[in-house]
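Heads up, the chain below is alone and in the form predicted on its own; it's given as structure tokens.
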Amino acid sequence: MIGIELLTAEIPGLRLPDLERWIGNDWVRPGHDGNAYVFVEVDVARIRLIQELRDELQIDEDALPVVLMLLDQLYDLRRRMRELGTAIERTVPDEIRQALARDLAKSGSG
């Protein structure tokens, strides 16, 4: 975990007013240590993502909530698909897993 001062020093181009606005908009959800914000690795990654979307891809801040929501949905679906794959590996007999793999290969090629 790192504090806001170290965070703004660590990420080039990150300005405190921008970060405070992103927190206020609920795009970044840091933890608290007393009255101070603390940021974990996922917070830092999200801040870098927001900065990249805005600065490098030139996505207007008015559009950022939609882009972030779509990315959050995508990441959630990927996580759920991994969980499903793990559950299938643990519980489904080998012959059914092979049949599923064949069926998925067919549907992916058409």
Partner chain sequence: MARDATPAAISRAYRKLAKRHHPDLNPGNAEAESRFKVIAAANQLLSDPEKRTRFDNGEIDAEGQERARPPPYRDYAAGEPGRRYGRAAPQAEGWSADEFGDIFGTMFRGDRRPSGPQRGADQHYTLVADFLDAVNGATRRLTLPDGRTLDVKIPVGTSEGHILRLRGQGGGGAQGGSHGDALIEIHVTAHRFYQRDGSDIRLVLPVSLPEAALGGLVEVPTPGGPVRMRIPAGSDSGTELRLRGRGVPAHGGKAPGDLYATLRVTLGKPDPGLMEFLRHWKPEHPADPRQAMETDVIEAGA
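These figures come from a predicted structure and were not determined experimentally. Residue numbers count along the first chain shown, from 1.
Although not depicted, the form predicted in complex with its partner chain is the subject of the following passage.
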Give a yes or no on whether each residue among Glu56, Leu71 and Arg79 has a heavy atom within 4.5 Å of its partner chain in the predicted complex.
yes
Answer yes if any heavy atom of Val42 is within 4.5 Å of a heavy atom of its partner chain in the predicted complex; otherwise answer no.
yes
Is the gap between Trp27 and its partner chain in the predicted complex 4.5 Å or less for some heavy atom pair?
yes
Is there a non-hydrogen atom of Ala63 within 4.5 angstroms of a non-hydrogen atom of its partner chain in the predicted complex?
no
Does its partner chain come within 4.5 Å of any heavy atom of Leu84 in the predicted complex?
yes
